[in-house]
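Below, in structure tokens: the form predicted alone, a single chain.
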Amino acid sequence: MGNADVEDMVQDILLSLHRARASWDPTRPFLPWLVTIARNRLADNARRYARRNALDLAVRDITETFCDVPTNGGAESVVNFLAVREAMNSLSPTERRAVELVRLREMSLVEAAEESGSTVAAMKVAVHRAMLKLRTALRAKE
């Protein structure tokens, strides 16, 4: 991890503190509240870092092969793209936003809930329902 990554984490923790400042109770000790927020943000960043590194390692391990016969025809790629687009369009706006934030942008549920202005539980439900609908729609296309 470089200095830029550490600075990004510090900024992320400070932003989280700023967003959560209304939850601090002045009658209780400040340090445990601060440490809890910092620990949670560090855990989120560690998970994101691990996912990114796992993907990088997986891509690095792929060996290149050259073949005269293409594996996917252009028409098949267009059909797959159109099927995914159609399946995404069948989702409700809430479900589509949940998939974009959690699955495509790889945000944590907490981050996605803050970004969309909903609760973590609502975000979980939206992602779950959306993934079920997407699986059903894409299986029907096969």
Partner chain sequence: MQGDAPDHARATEAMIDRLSRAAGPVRPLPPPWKRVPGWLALALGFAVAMIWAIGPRPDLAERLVDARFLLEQGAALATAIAAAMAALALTVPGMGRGWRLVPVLPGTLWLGTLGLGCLRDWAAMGPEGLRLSPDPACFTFIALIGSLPVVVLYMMLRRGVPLAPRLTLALAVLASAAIGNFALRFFHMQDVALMVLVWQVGAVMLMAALAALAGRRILRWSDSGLPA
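Just so you know, these numbers come straight off a predicted model, no measurement behind them. Numbering follows the first chain given and starts at 1.
What comes next is about the form predicted together with its partner chain, which is not displayed.
Among residues of the shown chain, N89 is not one whose heavy atoms approach its partner chain to within 4.5 Å in the predicted bound form. Although the partner is absent from this view, T36 contacts its partner chain in the predicted bound form, with a non-hydrogen atom inside 4.5 angstroms. Proximity of R41 to its partner chain in the predicted bound form: non-hydrogen atoms within 4.5 Å are present.
Proximity of M131 to its partner chain in the predicted bound form: non-hydrogen atoms within 4.5 Å are absent; the residue sits far from the partner. Picking from 100-108, 27-35, 81-89, 113-121 the stretch near its partner chain in the predicted bound form, with a 4.5 Å limit on heavy atoms, gives 27-35.
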